[in-house]
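The data below hold one chain only, encoded as structure tokens and taken in the form predicted alone.
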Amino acid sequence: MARDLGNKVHRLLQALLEHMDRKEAERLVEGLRLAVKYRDPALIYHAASQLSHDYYGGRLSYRLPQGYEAYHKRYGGAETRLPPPLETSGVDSFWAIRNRRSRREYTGEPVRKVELATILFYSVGVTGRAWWGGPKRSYPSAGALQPVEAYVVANNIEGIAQGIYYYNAFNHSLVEIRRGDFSEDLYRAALDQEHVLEASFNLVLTAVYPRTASKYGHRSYRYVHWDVGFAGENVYIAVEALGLATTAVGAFYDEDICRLLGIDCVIEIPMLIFPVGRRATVD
């Protein structure tokens, strides 16, 4: 068994090296050395994505597949415009940052549609246009390439049927992907975490890797995680300002989430789940 796996790894490495220049190959070898030393395969990519004065990272020939636009996805499902986001919550931004907490208990009362619209807009929404015509977003993004996508798994939102929706930030609308109650499926995919099951809705953030990789090569895997982190903090602050509750969930079975959303786990990667509900306790 070990010999068969070793031969397979050798063939795959040989095939990979054929598409690398010398500097890329040296980084790969260094990553393998570190992975063996510390018994951590993540160090392979850690080494390959490091920058130096003579190495910026190889180009990756990713192209966006059908259905993916430069800044957003294109779905053919029914689309529902969301109400405009609230312009103010009456909460000071410094106060919201200072009091932000991970909260996992909910009252079970529904979340209002305008609250959902506000969270989506201030986390990943389009807030303006750049001088070249491209969109400006509520989160900073490496190279303004904007890989973050948002999905809503709706369970208990006023005026919105249970189902899975894609957030079209350019139209500020929800596009229906699948109708039905998927809270149990998401709960199981998220390692049976009860706050995922009990939330009024779950906001799932993904990253479309080729949007960033087409420009930044091997460095991109770091960049897309930072982009999602920026958007995720926006979720926290918006939820806090509205007096709701959420927590970031990073423990889930990737392939189960991908099947649920209808994505491939390679071109588009699941990153974080934010269960959101009406806050049960007051600090």
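Just so you know, these numbers come straight off a predicted model, no measurement behind them. All residue numbers refer to positions in the sequence shown, first residue = 1.
Keep in mind the form predicted together with a small molecule is missing from the figure; the text below concerns it.
**Student:** In the predicted bound form, is there a heavy atom of the small molecule that lies within 4.5 Å of any heavy atom of Ile44, even though the partner is absent here?
**Tutor:** Contact with the small molecule, no.
**Student:** Wondering, does Gly67 line up within 4.5 Å of the small molecule in the predicted bound form on heavy atoms?
**Tutor:** Contact check for Gly67: no, nothing within 4.5 Å of the small molecule in the predicted bound form.
**Student:** Is Leu272 close enough to the small molecule in the predicted bound form to count, meaning some heavy atom within 4.5 Å?
**Tutor:** Although the small molecule is absent here, Leu272 would touch it in the predicted bound form, with heavy atoms inside 4.5 Å.
**Student:** Might Ser93 be said to contact the small molecule in the predicted bound form, defining contact as any heavy atom within 4.5 Å?
**Tutor:** No, Ser93 sits far enough from the small molecule in the predicted bound form that none of its heavy atoms falls within 4.5 Å.
**Student:** So which of Thr247, Ser214, Asn234, Ser49 reaches within 4.5 angstroms of the small molecule in the predicted bound form, heavy atom to heavy atom?
**Tutor:** Exactly one listed residue reaches within 4.5 Å, namely Thr247.
**Student:** Report the residue, out of Arg137, Arg104, His72, Arg112, that has at least one non-hydrogen atom within 4.5 angstroms of the small molecule in the predicted bound form.
**Tutor:** Selected option: Arg104.
**Student:** Which single stretch, out of 205-213, 164-172, 122-130, 96-104, brings residue heavy atoms within 4.5 Å of the small molecule in the predicted bound form?
**Tutor:** Of the options given, it is 96-104.
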